[in-house]
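Next come structure tokens for two forms of one protein chain, structure 1 first, structure 2 second.
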Structure 1
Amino acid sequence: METAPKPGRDVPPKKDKLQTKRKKPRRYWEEETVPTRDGASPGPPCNKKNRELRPQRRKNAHILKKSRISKKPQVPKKPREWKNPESQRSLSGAQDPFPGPAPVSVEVVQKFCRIDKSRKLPRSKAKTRSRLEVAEAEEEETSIKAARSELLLAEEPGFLEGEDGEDTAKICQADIVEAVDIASAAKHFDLNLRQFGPYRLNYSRTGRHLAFGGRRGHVAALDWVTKKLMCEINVMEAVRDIRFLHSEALLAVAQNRWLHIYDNQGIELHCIRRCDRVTRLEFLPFHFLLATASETGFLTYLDVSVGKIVAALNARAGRLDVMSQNPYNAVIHLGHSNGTVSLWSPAMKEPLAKILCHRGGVRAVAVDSTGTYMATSGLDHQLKIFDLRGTYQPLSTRTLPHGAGHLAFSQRGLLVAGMGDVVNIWAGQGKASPPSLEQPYLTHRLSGPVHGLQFCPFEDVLGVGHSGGITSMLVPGAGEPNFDGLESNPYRSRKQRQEWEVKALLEKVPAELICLDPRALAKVDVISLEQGKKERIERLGYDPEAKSPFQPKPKQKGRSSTASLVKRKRKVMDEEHRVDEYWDGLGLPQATPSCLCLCPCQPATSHCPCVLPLSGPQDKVRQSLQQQQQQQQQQQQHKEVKAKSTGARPSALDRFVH
């Protein structure tokens, strides 16, 4: 939480001493203190004064420039004015109580930092190294600037605290509605729709619109803030799932047989017969992909911008009815009846990973917005939270009396579970920490069993679809308080939406780029780099980058004896050896000069994203996958060999076959 910047809190007292020593150049509007100047005419500043100013200014500029290149710039950067707050005066003579740029805390800077500073820079040529250093310093500067901009955020997140000893789980919705302002109280509502129940629901990405579909064919979309109905139809068929596409103008409905797409007036635009018997829908907004899981066991990716099926993957695990997406890397998580959760990308026919989560089937899966935690619940009545970063191990487990049938994460990391007609919400310490399953944060009982759950983005609201209709619950502290106007703006106008749509379509991420680490594209692909180097050496017949062996230069007469030449040679060799050992001890990859240009994994063929050094779980997964493939190939080869050896009589020509 931000506090008002306090003057000089971050300034060490040492600096003050320095400031008093260095005098600031006097400006013409400042009071003249030198008595000899008093008599001078108040004309334009004379040359002498200018001469005094100039060198100092240049010196400062030089320092600033240097500090950009320096490896570790100070975290709160202080420009010149910041250095002596005493002499900082405005025309009126009033002093600025908060001189200089606002101080930023290291934790906030850390949030925006995209480089891992714990890693040392690779061993490379001086030029490469200096460029890397400059890039790193720039990166750091931008993260500081971004952190400083946090001060401008207008809203504070909501919260709910019990007075000492009071359990927040005991607080019911009516109490909250009574306590909050009218505008917030209006966000709590119940839609009594017993006739067509149980309902699935979905909020649009801006959190402004709500669509819901009942099992008996009732489909409606509304602007839930103003309660304005956009459309209401009955599709005369069972509705399994409903989902907004990239904007609120398009609506995908998984009906009993096929997948249908409606616009916001309820007009059917498409009937996609290649996706049949769909049970669950997920929309990947940055890839414009609609992922559908079907009863037939296929996971199908439909590109909604061009209407093509990008991939149809057979999960080979029977009926699929548990699905969720990881919003961090657009990987689809499927829960299976054998207790595993498999991770899928359209670029690969095989799952990226399989995690054994439960004994018995998986009932629900949810992944939080940072892509760090996955919550699963199974038929064994357990609720588990897994760490998706490194180990894929459960962080916490809790057995629930009836088990949870539906799970969802909020933007700020709250976890909701629907168990029968009860909804439980757990909260963690903050956005980046997993929810603690000890004590529920809120509970609520509904008029029917829960069938669909979703937190509304950018609002403290939880939407619950159940057999009695739709309930909009108030959950303080669930939503992200400050939205980004260019990303998803709940208050956008029609024109803004249209402009955003064009931009979003232009930067549609290709489906092949979905992999476990979304930043993999920016990393150096060491393996293919070394492969290329090897090929080049083979092609040329020699190594063009090899260092020629040291040849001591002949010196003055008498000093160039054979013994001294050998000695000098050995000295250089020893030196190199020592340096090599040092670097080997650090265990870092050796950067070649061409390594500086971030050599990527080839996007067109990145079925298996490039293997990177020092990256976590993905490597293990990938390695295991590669091993699997290799083993399969070997097995196949064995089979072939066997077939050959058994099929025909061994002949001398056989050795030419391979």
Structure 2
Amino acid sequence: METAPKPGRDVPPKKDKLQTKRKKPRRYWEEETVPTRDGASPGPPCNKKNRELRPQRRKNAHILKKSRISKKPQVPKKPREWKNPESQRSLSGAQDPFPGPAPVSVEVVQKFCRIDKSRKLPRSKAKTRSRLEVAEAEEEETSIKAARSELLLAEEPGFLEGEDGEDTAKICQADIVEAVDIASAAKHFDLNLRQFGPYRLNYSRTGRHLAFGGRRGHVAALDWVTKKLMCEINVMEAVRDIRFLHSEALLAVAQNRWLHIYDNQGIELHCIRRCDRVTRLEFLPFHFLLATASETGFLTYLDVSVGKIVAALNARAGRLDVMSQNPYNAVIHLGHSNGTVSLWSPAMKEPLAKILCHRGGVRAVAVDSTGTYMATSGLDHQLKIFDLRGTYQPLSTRTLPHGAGHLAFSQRGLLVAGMGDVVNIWAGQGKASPPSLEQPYLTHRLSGPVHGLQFCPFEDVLGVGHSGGITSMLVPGAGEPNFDGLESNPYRSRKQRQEWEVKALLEKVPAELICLDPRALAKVDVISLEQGKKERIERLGYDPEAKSPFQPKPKQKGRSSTASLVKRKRKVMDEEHRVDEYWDGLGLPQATPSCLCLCPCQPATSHCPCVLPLSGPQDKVRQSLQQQQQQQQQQQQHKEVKAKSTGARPSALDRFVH
């Protein structure tokens, strides 16, 4: 065996780590010194002579230093030249003829402004007014920045115009496909699937994936842009509706008996037997709720994030086969056979509102993306547009020859109606305006009766499911041209989708917050606050928030006489009285009102036509407050009567009290 040689005989000893260290660079004021045995060069001498003998260098002098990496000396850097700021405005040195930021039109800024400057607090304090001015200035600056960033939105909505008064409804799909570019023409296609029809279809939130299910059990999902098939199965059971969940990775299928959940590979993940005989599905993306309408008349909310049923509401209107959601406030609209449309929230067991829309049964319901308009069609062959901003009155009505069995709104406010094998599309003046029902925008005839309609998000494409398969139509001006890459990105990767899911779960909105007016969540419920305060007083036996009467502190040197104490008390009472007058000037009531006025321009009066009396717990709170005031007045009168009966002598200090 070979043995390792011992250090000290034939092998030279290893150098110490300190010896292998690189030498420190010599400074220009240091003298060359001979290295010591240890290999370390001594530092510069610290005596006073060496300090005085240091050479003085000029300010602009440059010393050539040796580089640690290469032996070549470093190139001296050029001194920084201070240029005139005016010459930096352009490469040629000419002055900018348009100095300052580019102007922004007032109309564009007004579109992004969210503060109503016409409404101001009357007689507000200086501190409050300064804060309001700062908030308004920040809001104005934010709106200007948003208006400037609108230039980055390069895409513009499409449109279709006829030549010399030509009716656009006479333009067929073949003419549109021939006129557009190759990429847009590829979005028009037909899937011939007569063997398993009729079909229901649904697009994902990003608008990239399409899922459809046939009445005879055929279920498929694909990337319709690249025509790449994700999964295709046959459930051997009737499929009544199909919906994507929060992403394209999960799919909800309403089969003949129960509700099933599949992934994007066609593997069954869940079978929810509490949701049986489902006819329609709707998914609320911001609440992670899957709403189901069944033949038994129940509206069920399923939380897909935890797998629990949030609410099961009995509509008491028979079979439910007409359902739609309001994208603005997540309220579910149900159409019934008696001609009414009811609005539902999982927080209430009764409908939020009921609207009488038709003289016959309701066949279809659709709500636009802004939550302002609702379109309904009934057995009376009428198509109506309703205003959902509190009035619930029909804005326009049109009688159709066969009636519309399916309705859908696009992101830009276009309305489509399926009538047998014909599809009619109506357009309005813009996104926030209702569609005009006088003349159709486009018309197309299919190979079979329509069974499902939906516009593709962020695309000018309308998907139609019928008895012959699936048809993808080109509808110029239907989709939003620009998308939010952080919210709905059609080009996101798998990692980006996973990160978005985590963020969406963290920002999940509770189901209890679904209401007709989401802006009411930011208001203070004064009535409930007073009622809770009253219950707390009854439970404790005293008011913990009651302000104790003012007791002046005793002072020395004769300043604690009775007259001075009364003066100090009187001064505090005057200050409190001025504070009450100030709040009265702001228009804030000091007691609970007995009626509620809906006029924003004037206070509530008894002769106001829009005064609504308060009832229920609000009325009880008002009565209890009145009773407390009456009891205090009776106690004070009782004390005065008792003082007179005892024959108490009047005091000279009474003039300070009265």
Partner chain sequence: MKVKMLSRNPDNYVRETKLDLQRVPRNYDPTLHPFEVPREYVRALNATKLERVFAKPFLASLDGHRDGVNCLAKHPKNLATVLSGACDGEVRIWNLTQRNCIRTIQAHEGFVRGICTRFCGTSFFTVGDDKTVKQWKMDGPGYGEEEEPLHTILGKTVYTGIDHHWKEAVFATCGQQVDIWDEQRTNPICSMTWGFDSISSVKFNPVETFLLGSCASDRNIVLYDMRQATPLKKVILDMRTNTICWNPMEAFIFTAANEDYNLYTFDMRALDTPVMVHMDHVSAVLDVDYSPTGKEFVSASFDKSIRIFPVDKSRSREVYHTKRMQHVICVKWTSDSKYIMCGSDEMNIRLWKANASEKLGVLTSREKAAKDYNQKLKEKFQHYPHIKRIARHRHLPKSIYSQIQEQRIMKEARRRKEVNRIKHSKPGSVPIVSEKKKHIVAVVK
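Throughout, rigid core stands for the largest set of C-alpha atoms superposing within 1.5 Å between the two forms. Just so it is clear, the model here is predicted, and its values are computed rather than measured. Residue numbering: sequential along structure 1, first residue numbered 1.
**Q** Where's the form predicted on its own, in 1 or in 2?
**A** The form predicted on its own is shown as structure 2.
**Q** Hey, does G541 budge by 2 Å or more at the Cα between structure 1 and structure 2 once the core is superposed?
**A** For G541, whose C-alpha is compared between structure 1 and structure 2 after core superposition, the shift is 2 Å or more.
**Q** If the two forms are fitted on the core, does L379 show a Cα displacement reaching 2 angstroms between structure 1 and structure 2?
**A** Stays below the 2 Å threshold, so no.
**Q** Rigid core fitted, then: does L446 show a CA shift of 2 angstroms or greater between structure 1 and structure 2?
**A** No, the C-alpha position differs by under 2 Å between structure 1 and structure 2.
**Q** If the core is used for the superposition, what shift in Å does the C-alpha of E530 show between structure 1 and structure 2?
**A** Its C-alpha position differs by 5.2 Å.
**Q** If the core is used for the superposition, what shift in Å does the C-alpha of I144 show between structure 1 and structure 2?
**A** Reported C-alpha shift between structure 1 and structure 2: 3.2 Å at I144.
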